[in-house]
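First comes one chain, alone, set out as structure tokens in the form predicted alone.
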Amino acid sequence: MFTASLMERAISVLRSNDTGFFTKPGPNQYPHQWNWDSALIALGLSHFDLPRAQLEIRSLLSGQWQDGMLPHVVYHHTTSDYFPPASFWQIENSPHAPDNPTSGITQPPLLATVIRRMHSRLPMPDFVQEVYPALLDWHRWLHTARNADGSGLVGIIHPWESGTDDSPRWLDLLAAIQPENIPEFRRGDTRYVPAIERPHRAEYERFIHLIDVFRKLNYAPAELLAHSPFLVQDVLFNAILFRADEDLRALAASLGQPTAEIDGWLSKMRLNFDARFWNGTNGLYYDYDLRAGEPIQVNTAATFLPLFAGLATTKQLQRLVEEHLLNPREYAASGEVRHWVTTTARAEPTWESRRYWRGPVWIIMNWFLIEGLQRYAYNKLAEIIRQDTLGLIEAAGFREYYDARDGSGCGSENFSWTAALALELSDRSMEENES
């Protein structure tokens, strides 16, 4: 169904966004190096240029902080019109900041999962040996600096750390924040993308206010946990971390490294995951607002991430699939919505077909879901979503996200992780996980 031309075009996108040292997520909208973008970009690059994939990872790790934090953006002294620029973060106020300019927050930890997959495809023990200490330091930082309540579940302090910036699950929390004396700023994100496809100004003002809070606290982890107005245990982030801990453990074992510390993280997360996130009444996983001490009862595609992590029981899986994923009022491709999978359930009043994380199809979320369904041997459904995902890319190109109604592209053009995941989804046979 999918032509060699699509794969050639995917490679061309990755090559065209390559700066020689890192790959831009998009040619204009995203001119620096983003954390989870680069992990997926490396995965895509590994299909045709393993040394370049390894360089992508080394470039990302060059921004690691001395305490282990891996930031969500590394600027690499690249000039651009992107906001916020490196100087806005004022990371030099932290004793842990690296020499390279970076942001002061992190992003979902996909890197260990990607490296394990690359290693399983094309064994690279020397490279794994090289990067393993940095991966371990990052995971250790997450399990200590962000273990807000001792549960082993990680807290995030900014919607950008979730990777799903203006998701409806954050809207009430952001509305409760009343920023004063917001630093002067001029958005750059609506220069290249229509405003209707980007966060509203009210949310963006709070994004900037939170950065101002963090820089005044000098990015001290204990101070951030104590004083960040936004403190959430995110289902998506914690599910990705659990899966990454599993993959980090496998890498450690392959190197003959001890695994007891990682085993402890996994055990504690598994023990507390359901009690914190699962809602048995609604059959959904909900994020948890640590400041308010209550679940965030908004139905988004993040609810499916425990499948990616293997944390759902058979009963939970069945409820997620039968009551929600296949529900034409929520996620199933049906009626005016022709494509899988909207990032927010259509029954949510905040659903919007083209606005960033409010409803459009994101290829990364489809990939998480496909991986999760395969893990539980729902291979036919995984294949339906895989075919639809590749069909979207074939028809509309390598866009940042897509309108689920007609498949038209939104956000950045020539988006790197869409190209990378097109290669991954085309290469990985649905038959490999047949049971």
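This structure is a prediction, so every number in the text was calculated from the model and none was measured. Numbers follow the displayed sequence, beginning with 1.
The discussion below concerns the form predicted in complex with ligand GLC, not included here.
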Practice task
Using the partner position in the predicted bound form, report whether Gln107 sits within 4.5 Å of ligand GLC, counting heavy atoms only.
Solution key: yes
Practice task
Could you confirm whether Gly411 comes within 4.5 Å of ligand GLC in the predicted bound form, counting heavy atoms only?
Solution key: no
Practice task
Indicate whether Phe214 is a 4.5 Å heavy atom neighbour of ligand GLC in the predicted bound form.
Solution key: no
Exercise for the section: Look up in the predicted bound form whether Trp357 has a non-hydrogen atom within 4.5 angstroms of ligand GLC, and give yes or no. Expected result: yes
Practice task
Using heavy atoms only and a 4.5 Å cut-off, decide whether all three of Gly152, Gly155 and Phe237 touch ligand GLC in the predicted bound form.
Solution key: no
Handout entry: Option from 403-411, 388-396, 23-31, 46-54 whose residues, in the predicted bound form, bring a heavy atom within 4.5 Å of ligand GLC
Key = 23-31
Handout entry: Answer option from Pro168, Pro306, Pro71, Gly163, heavy atom within 4.5 Å of ligand GLC in the predicted bound form
Key = Gly163
Completion exercise
Picking from Tyr376, Trp36, Trp367, Trp65, the single residue whose non-hydrogen atoms come within 4.5 angstroms of ligand GLC in the predicted bound form is Trp36
Handout entry: Neighbours of ligand GLC in the predicted bound form among 395-419 [non-hydrogen atom within 4.5 angstroms]
Key = Glu400, Phe415, Trp417
